[in-house]
Ligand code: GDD
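Take a look at this single chain, the form predicted alone, given in structure tokens.
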Amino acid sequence: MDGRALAPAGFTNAVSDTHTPVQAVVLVGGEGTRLRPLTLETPKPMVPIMNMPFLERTLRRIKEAGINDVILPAGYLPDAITSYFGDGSRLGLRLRYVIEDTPLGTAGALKNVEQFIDGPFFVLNGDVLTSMDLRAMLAHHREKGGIGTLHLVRVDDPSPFGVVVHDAAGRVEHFVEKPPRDEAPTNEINAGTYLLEREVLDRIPAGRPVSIEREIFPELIRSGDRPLYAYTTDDYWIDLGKPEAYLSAHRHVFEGAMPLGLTPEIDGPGRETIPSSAVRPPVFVGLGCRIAPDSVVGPYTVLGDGCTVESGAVVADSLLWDGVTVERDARIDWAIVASRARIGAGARIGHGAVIGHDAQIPPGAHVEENARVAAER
């Protein structure tokens, strides 16, 4: 473990009132294997949402809740995170990093940063996009007075998730992992945001991987000392861990289900430069893009900085990262293209395809649906 404490001068933690200040831990150590090849050189927390790293959106949300002290347990490609955020002062935050030599699991990662934890703290999963109000969850936690509070959301099909069963007062009774849909005791699932008292760290064994969901939470229920409480809301929530979810999240942002304050139809720093003849709104356009007037961009399309869309090309329902080139008459539909990739003239990118950094798709090529294409190294 290599803990590096970096703090801006004059730091104070705003959410305290008469209570112990609240901190936040954002779990950013995962390798993002389900998003490959996007995550071969970009750690999952740095995958962009509307051209801003997802982790930055999470940190801004934490800051807006009045929390200034954040700990980041990192493991996979940590330099991409530390070099981008530094000590956090650009965002008005105090950021500290603890680098995991080996993955420690959700609870093991918390145990590994306990030297930085002074009191109650939020735990946020590094691949969950949600509109849940952290201040409201904190108020609920203080009202209930339990050892911890778990954010839950209701879903139509709970079978891919961990189900949380609680009584009428909100006390968590037990957990059911990925139950068959017709056997699930409830449709309320673990949404990946927790608010815990510091004493929870005393229950976590050191020096090995530990799951908070499978080991620590059930142990807290069995001990019965102080209850765990559920906090169920109807807020927007999605796990970004799969390409189809990552694509869907952008559509939800465009439609307003996940509010990010976008301007309707056309947004982004390059919105004034896109030819009106090419736009099929909604779209989001980065800086320095070159878009042919007789191309088609949109709907539900994001262009990163420095993208080129040539004559006759069509980019619809897709996410292009920075520096992507789409040559003439190529077509991309419901796909993700990572930075610096080139889509050759007349090529067709199939529905659900993921094109990695620097990949070169030859002219006239057809990439199959849901294909994963990485650059040759």
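It should be emphasised that the depicted structure is a prediction, and the values quoted were computed from it without experimental measurement. Throughout, we count residues from 1 along the sequence that is shown.
Omitted from view is the form predicted in complex with the named molecule, to which the following refers.
Could you check which residue among F161, Y300, Y229, F85 gets a heavy atom within 4.5 Å of the named molecule in the predicted bound form?
Going through each option in turn, the one that passes is F161.
Have a look at L38, L27, A313, I67 for me and say which one sits with a heavy atom within 4.5 Å of the named molecule in the predicted bound form.
After the contact test, the surviving option is L27.
Only one of these stretches, 130 to 138, 247 to 255, 169 to 177, 261 to 269, has heavy atoms within 4.5 Å of the named molecule in the predicted bound form; which one is it?
One stretch meets the cut-off, namely 169 to 177.
How about I71 - does it come within 4.5 Å of the named molecule in the predicted bound form, if we only consider non-hydrogen atoms?
I71: no contact with the named molecule in the predicted bound form.
Taking heavy atoms only, is S295 within 4.5 angstroms of the named molecule in the predicted bound form?
Looking in the predicted bound form, residue contacts with the named molecule do not include S295, since no heavy atom lies within 4.5 Å.
With a cut-off of 4.5 Å between heavy atoms, is E100 one of the residues that contacts the named molecule in the predicted bound form?
Heavy-atom contact with the named molecule at 4.5 Å: present for E100.
Does the named molecule get within 4.5 angstroms of any non-hydrogen atom of F122 in the predicted bound form?
No, F122 sits far enough from the named molecule in the predicted bound form that none of its heavy atoms falls within 4.5 Å.
Output the sequence-ordered list of residues from 102 to 135 with at least one heavy atom within 4.5 Å of the named molecule in the predicted bound form.
Heavy-atom contacts within 4.5 Å come from P103, L104, G105, T106, A109, N125, G126, D127, V128.
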